[in-house]
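One chain follows as structure tokens, the form predicted on its own.
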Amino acid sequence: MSQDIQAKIAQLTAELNEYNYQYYVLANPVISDYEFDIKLKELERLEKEYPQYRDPNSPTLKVGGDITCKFNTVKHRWPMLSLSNTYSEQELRDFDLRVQKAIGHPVDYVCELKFDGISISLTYEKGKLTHAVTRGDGMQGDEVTQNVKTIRKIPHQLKQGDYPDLFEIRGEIFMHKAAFLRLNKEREENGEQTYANPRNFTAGTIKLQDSSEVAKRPLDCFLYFLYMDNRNKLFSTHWESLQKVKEWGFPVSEHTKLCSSIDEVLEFIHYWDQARHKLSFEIDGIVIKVNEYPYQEELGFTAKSPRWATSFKFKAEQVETTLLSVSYQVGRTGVVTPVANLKPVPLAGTTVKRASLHNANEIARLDLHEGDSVFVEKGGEIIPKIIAANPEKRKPDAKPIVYPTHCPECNTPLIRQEGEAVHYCPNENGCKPQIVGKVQHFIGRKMMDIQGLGDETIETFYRLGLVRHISDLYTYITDAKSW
């Protein structure tokens, strides 16, 4: 029995550490937040019952991501801890009861949107931004000051005001949904890796070595917590500090509410569970903080999170629909991308007809069969994603989806390089999507910016046999001028 428990703890530890690595270091989440949290809670329970089996590197002891070697490492003056979280309203009421028991009476809470982005800590000295540091492992993080300075909403120098000589203000860097879709489309057209959601794109952007490249990607930021010496001499409550930092010139979300009871907190949660889809950015829950600073100090911290705050996380929206077929798109670089064609179904405010399947590995992992009933999710994913098939509804004679061995456009055998997940067609000079895609890219605004030519015109030129290479385009233009 004890060996089974020890093996289970070791298995969960290894799994969760790998998920953390994929999420924080590679910006490539492989399971949903909900699935991760369920596994983490199971590990916490087992470690509590059998502490002798807990690994020193257990993910239950971690508060953030790993430190990258590409940036200077800076120690946080105040630890940058993570929040405990729940998906249960009853657990939220239990949190309120624990707070009341410790303080001796009901308290006020500040409710804030839980932005789905990257945590950041900004240090200001005499009103000047001197350091911007990521969460890292909670004790120290990466200094990304030059990259953060490209974010327009973050002031480099504050105007004259009653702010202290030295303080830290913390918040979240994120990307708006429209910007994410536009930039992801550009990357797809350029044959570059695309991102699953704005959070991943933000994480990849903030760690770029060239701040001029960061400036090309429109990041945004909201700030929501102030740290300074003798803070209580200036403010007695968190709500009061939020109003003041707005005056100092910091971006603070307007969607913040002061609540006098847990029932008001739940009303706020219920409202935003529905209204979040109207926002231009992604949120994945609500943060609840005890308002009074003296009560925060009295409640204190655990090893990894404050006892005076928690978060309620929304479950990712999920629907079940039918897989009609899988089509394969060939990009201008030859990469073949599978796309699931679905029976249209409403999800998170839009009608979903297609979902990305990424590559052959994903099709194999999902074990997809023709006509499968599939679960589609669009929580933090702007692009719909199939998360699982429902084998109970599978027809007995359903054939498995098999990734093609030949290009769906020109029938050339596909190639997959060792260590890569994608297949591509090597016939760059004879495969229509590659030829047309290269020419369309060449005439585009970011390349030659040739006026009077559009994608449809290039398609027509190809169909008429006038263009098979970029040089043919110039030959045709020269000939046309001589007519």
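Just count from 1 along the sequence shown to find any residue number. Treat the numbers as computed from the prediction; the structure is a model and nothing was measured.
The discussion below concerns the form predicted in complex with 2-(butylsulfanyl)adenosine (IVH), not included here.
- Although the partner is absent here, E172 is a contact residue: one of its heavy atoms lies within 4.5 angstroms of 2-(butylsulfanyl)adenosine (IVH) in the predicted bound form.
- Contact annotation for P251: none of its heavy atoms lies within 4.5 Å of 2-(butylsulfanyl)adenosine (IVH) in the predicted bound form.
- In the predicted bound form, 2-(butylsulfanyl)adenosine (IVH) lies within 4.5 Å of some heavy atom of E112.
- When contacts are judged by a 4.5 Å heavy atom cut-off, S82 counts as touching 2-(butylsulfanyl)adenosine (IVH) in the predicted bound form.
- Here is the short version: of F312, Y224, W272, F180, the single residue with a heavy atom within 4.5 Å of 2-(butylsulfanyl)adenosine (IVH) in the predicted bound form is Y224.
- Taking S373, T237, T412, S119 one by one, only a single residue has any non-hydrogen atom within 4.5 Å of 2-(butylsulfanyl)adenosine (IVH) in the predicted bound form, and it is S119.
- Residues placing heavy atoms within 4.5 Å of 2-(butylsulfanyl)adenosine (IVH) in the predicted bound form fall in a single listed stretch, namely 281 to 289, out of 125 to 133, 281 to 289, 243 to 251, 161 to 169.
- Residues of 249 to 284 that come within 4.5 Å of 2-(butylsulfanyl)adenosine (IVH) in the predicted bound form, judged by any heavy atom, do not exist; none qualify.
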